[in-house]
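For reference, the chain that follows is the form predicted alone, supplied as structure tokens.
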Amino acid sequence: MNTEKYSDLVKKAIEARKKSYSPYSAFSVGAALLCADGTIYTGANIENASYTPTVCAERVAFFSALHEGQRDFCAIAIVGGKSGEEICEYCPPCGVCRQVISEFCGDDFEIILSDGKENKALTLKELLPYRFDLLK
């Protein structure tokens, strides 16, 4: 897949990461979700002392877009790493985020990961080949 077309999306995810509230894990994540109409919604992980109410960057971006009426999505860029440090490894979405993505996106939805040097594009089907889907 051509990841060059997503370089701006990755930059927006990197910017979103700066807004992370992650005092417990010290691991900050940013996400940028591209909608079919070109609108981009960003998110950062937000933690809580009791952990359960913690929310991932990907879900913040998706839920913001959904709240605004968006339902058609093309791709999401995700970056993450130790807070206060440069990104140096890929940060794929957790299982919960993969399932949330699968609720609203098809198998060909692109997930762009960056290690700060290179971008890698994967499809939802590659990351979640046997997804739980009651609507099909």
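A residue's number is simply how far along the shown sequence it sits, counting from 1. Just so it is clear, the structure is predicted and the values come from calculations on it, not from any experiment.
Just so you know, the form predicted in complex with ligand THU exists too; it's not on screen, but the next bit is about it.
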| query | finding |
| --- | --- |
| Candidate from Ser64, Gln99, Thr54, Thr39 lying within 4.5 Å of ligand THU in the model of the complex - any heavy atom | Thr54 |
| Proximity of Leu34 to ligand THU in the model of the complex, heavy atoms at 4.5 Å | no |
| is_contact(Val29, ligand THU) in the model of the complex, heavy atom dist at most 4.5 Å | yes |
| Heavy atom of Cys74 within 4.5 Å of ligand THU in the model of the complex | no |
| Residue contact check: Glu47 to ligand THU in the model of the complex, 4.5 Å heavy atom | yes |
| Stretch 55-94 - residues with a heavy atom within 4.5 Å of ligand THU in the model of the complex | Cys56, Ala57, Glu58, Pro92, Pro93, Cys94 |
